[in-house]
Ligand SMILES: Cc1cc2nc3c(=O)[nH]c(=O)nc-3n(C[C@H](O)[C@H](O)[C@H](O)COP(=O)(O)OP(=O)(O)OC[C@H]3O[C@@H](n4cnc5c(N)ncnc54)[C@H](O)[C@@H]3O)c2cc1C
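Here's a solo chain for you in structure tokens, the form predicted on its own.
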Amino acid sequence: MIVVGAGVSGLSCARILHEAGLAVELLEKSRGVGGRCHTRRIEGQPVDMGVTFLHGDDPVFLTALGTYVGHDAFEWPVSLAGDGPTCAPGSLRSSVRRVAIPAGLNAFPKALAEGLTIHRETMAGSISMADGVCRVTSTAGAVFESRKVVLAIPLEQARDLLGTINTSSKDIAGLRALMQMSSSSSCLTVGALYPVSTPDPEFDVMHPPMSSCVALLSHDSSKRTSPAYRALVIQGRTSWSRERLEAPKDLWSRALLEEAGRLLGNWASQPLFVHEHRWRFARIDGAPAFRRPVLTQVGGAMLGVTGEGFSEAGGVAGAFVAGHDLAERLLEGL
């Protein structure tokens, strides 16, 4: 079995298949795993540069949290500020569990990845499916073969990869057409470190109501045990980020820091250390594209597509559940 993408959805799918005794290989374009569950060490301190916290009420997802990081996860955020729009309004419902992890949210996908075969820095470039075999060729020319392949990557990337299959399959054409109707939002993000003597923001997460560029401020160091620095993560609004996605990072980084200074005090615009990250595919823009993962046959081989856009839960929980769902359907087929 080949799984393209070692984000939470791909790892969830691969984990179930692996534990069922199947041989699974994951192809991941990055050096790390976890996708948007991205924890960056800045001056040795973990900073969550992608997803701010894990949240959900799906039993399958909550069970996995308990299994893999239950001993470390704790309730967070507790203190909220601002009444601006959120990217996931459902995350604030009273029935939803919200957690952070002291070591960083990447601890969850790392636990899922334990023992799996992962080809890192390997980007899938094309797919061919014929005679019951699927061949995935990397951009570097390496070829991976299996009777079944799963795409667990952002909608836009999966749509492009499906377009490389030389087939007249109406299922593939229809799937690509449906995927064309959905897209991912972008998010420019800054992680900033300050002296621990810096004023306490007195919130865990803020959603500024009247900001032209900042969608969210996370008091990241409030997740850490004895942090060496005060840490903020500043996330840009979707439209603002999209317009500046290709701009030099120092330009949009400075704009986000200056806005943080306006919102919190001048100190927030003058960090000791900064790290920037461009999220081209930060999250599904609007409602998920599909209610559940897609599984189809081409040339006698099986092709599955999953990810956040294939679950009504949305977010990391949706990605996990969608990967889990597809794995169970593949096992049923066997």
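All residue numbers refer to positions in the sequence shown, first residue = 1. If you're wondering where the values come from, they're calculated on a predicted model, not measured in any experiment.
Note that the form predicted in complex with the named molecule isn't included here; everything after this is about it.
The partner is absent here, but in the model of the complex a heavy atom of Q157, alone among Q157, S184, S211, S221, sits within 4.5 Å of the named molecule. Of the candidates T122, S128, S253, T238, T122 is the one whose heavy atoms come within 4.5 Å of the named molecule in the model of the complex; the others do not.
Per the 4.5 Å heavy atom criterion, the named molecule in the model of the complex is contacted by stretch 304-312, the sole one of 304-312, 291-299, 39-47, 265-273.
In the model of the complex, the named molecule stays beyond 4.5 Å of every heavy atom belonging to Y68. Using a 4.5 angstroms threshold between heavy atoms, I153 counts as touching the named molecule in the model of the complex. Contact annotation for T63: none of its heavy atoms lies within 4.5 Å of the named molecule in the model of the complex. With a 4.5 Å cutoff on heavy atoms, A327 does not count as touching the named molecule in the model of the complex; it lies far away. The putative spot formed by P201, K249 and L257 is not touched by the named molecule in the model of the complex; no residue has a non-hydrogen atom within 4.5 angstroms of it. Shown without its partner, the chain has V51, T52, F53, H55 in segment 51-72 as residues with a non-hydrogen atom within 4.5 angstroms of the named molecule in the model of the complex.
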